[in-house]
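The chain below stands alone, shown as structure tokens; this is the form predicted on its own.
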């Protein structure tokens, strides 16, 4: 699915370069559950952003393959990358990144509208009911608890049935019990949709459930 070859990424600190990934080579295959682990600053979030094409590698190549479809993320046009993210990727953030002026239903409808799917309202309502938010459809994010907001973020990420779910510390802003609940939902939805899950996390409960743990050094 993803083929990374000698990928490197740096950020500038004044006149110097701070490398967060260097000569990174790895293959991510379909239907895997992968934990990306490592200390702060080791490049976990950077790797996820590279995989969804939000940033480009400074060295090396990143390729997405799905059947005969092949996308070179480093050289693809902005239009190709936008369509790639809309159709192939679901992203879950530590701090939810919900749109505060939209209701729960409208937040889930957004990725469906971008992919121009049919029966949008029905699909969005089903996703919310599946994640225990059926009674909160018309609530705004600020009216939801932290656990409800993360469940809403999960519903939004899975709404359009993406091939890959990228999750950046999805339990990092939750208490232990709520985090356990979100982990169960994340695994259940990944299995239901037959997606690939790549999750950056310090949570040992997350890494223990993954098939592979990819450790990044600082």
Ligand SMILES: Nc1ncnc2c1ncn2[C@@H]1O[C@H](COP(=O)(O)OP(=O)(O)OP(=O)(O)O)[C@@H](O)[C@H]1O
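All values reported here derive from a predicted model rather than from experimental measurement. Positions refer to the first chain, counted from 1.
As for the form predicted together with the ligand, it is not shown, yet the points below apply to it.
- Note on the interface: of 33 to 41, 65 to 73, 184 to 192, 155 to 163, the segment with non-hydrogen atoms within 4.5 angstroms of the ligand in the predicted complex is 33 to 41.
- Though the partner is left out of this view, residue 46 does reach within 4.5 Å of the ligand in the predicted complex, counting heavy atoms only.
- The ligand in the predicted complex comes within 4.5 Å of a heavy atom belonging to residue 202.
- At the 4.5 Å threshold, heavy atoms of residue 59 stay clear of the ligand in the predicted complex, well away from it.
- In the predicted complex, the ligand sits within 4.5 Å of a heavy atom of residue 18.
- Although the ligand is not shown here, in the predicted complex the stretch 142 to 180 places heavy atoms of just one residue, 169, within 4.5 Å of it.
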